[in-house]
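As structure tokens, one chain now follows by itself in the form predicted alone.
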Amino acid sequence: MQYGAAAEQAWYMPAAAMVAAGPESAVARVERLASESAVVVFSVSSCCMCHAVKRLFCGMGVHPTVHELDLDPRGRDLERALARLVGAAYSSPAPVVPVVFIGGKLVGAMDRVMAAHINGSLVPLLKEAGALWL
């Protein structure tokens, strides 16, 4: 077996290149993660409302990508970024999560998702994003 420099170069990124790119901001990371799947839920694993929104999607046959903020080392920064995106005051006692993106677009927190479900606009959003086919 040969473990040459060519094999190492396939995955190695010099530190200078990483510094030049700069660290990704929390807002940029949220936007990137939100655009990687048809349905993305930012959640906290112990949150009952987060569980409810995940169950809603699973019950509809949609399997969202879930990012558990309490399990992410940068979760607190992501939560602040999400609070800014949904217009919530981060210092308020009300939790920011769950926050849902469909087709890379911000739908909002639990209240917006449930309102869309009740008024019938959630299914067309899911179909348009390619998360639901029926």
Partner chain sequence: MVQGEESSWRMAASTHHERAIPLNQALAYGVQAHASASVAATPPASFLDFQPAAAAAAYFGELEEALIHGAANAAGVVDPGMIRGGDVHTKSAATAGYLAARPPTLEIFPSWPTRQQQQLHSGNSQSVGSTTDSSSAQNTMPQMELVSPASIRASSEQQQQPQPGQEVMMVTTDDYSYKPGLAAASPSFQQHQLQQQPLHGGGDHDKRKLGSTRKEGKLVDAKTERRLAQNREAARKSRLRKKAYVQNLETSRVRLQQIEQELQRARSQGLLLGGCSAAGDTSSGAAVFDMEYARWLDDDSKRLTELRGGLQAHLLDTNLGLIVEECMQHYDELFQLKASLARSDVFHLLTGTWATPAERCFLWMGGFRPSDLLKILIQQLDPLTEQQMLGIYNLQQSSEQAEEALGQGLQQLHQSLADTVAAGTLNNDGPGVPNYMSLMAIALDKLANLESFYQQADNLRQQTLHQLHRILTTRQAARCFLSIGEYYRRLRALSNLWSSRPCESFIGTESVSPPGTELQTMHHQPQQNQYSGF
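Since the structure is predicted, the reported quantities are computational estimates derived from the model, not experimental observations. Numbering follows the first chain given and starts at 1.
Keep in mind the form predicted together with its partner chain is missing from the figure; the text below concerns it.
Asks: The chain here is shown without its partner chain. Which stretch in 99 to 107, 76 to 84, 50 to 58, 24 to 32 comes within 4.5 angstroms of it in the predicted complex, by heavy atom distance?
Replies: Of the options, only 50 to 58 has residues within 4.5 Å of the partner.
Asks: So in the predicted complex, does any heavy atom of residue 125 sit within 4.5 Å of its partner chain?
Replies: No - in the predicted complex, heavy atoms of residue 125 and its partner chain never come within 4.5 Å of each other.
Asks: Heavy atom within 4.5 Å of its partner chain in the predicted complex: which residues of 96 to 132 meet that condition, in order?
Replies: The stretch 96 to 132, when checked against its partner chain in the predicted complex, contributes 110, 111, 114, 115, 117, 118, 119 at the 4.5 Å heavy-atom cut-off.
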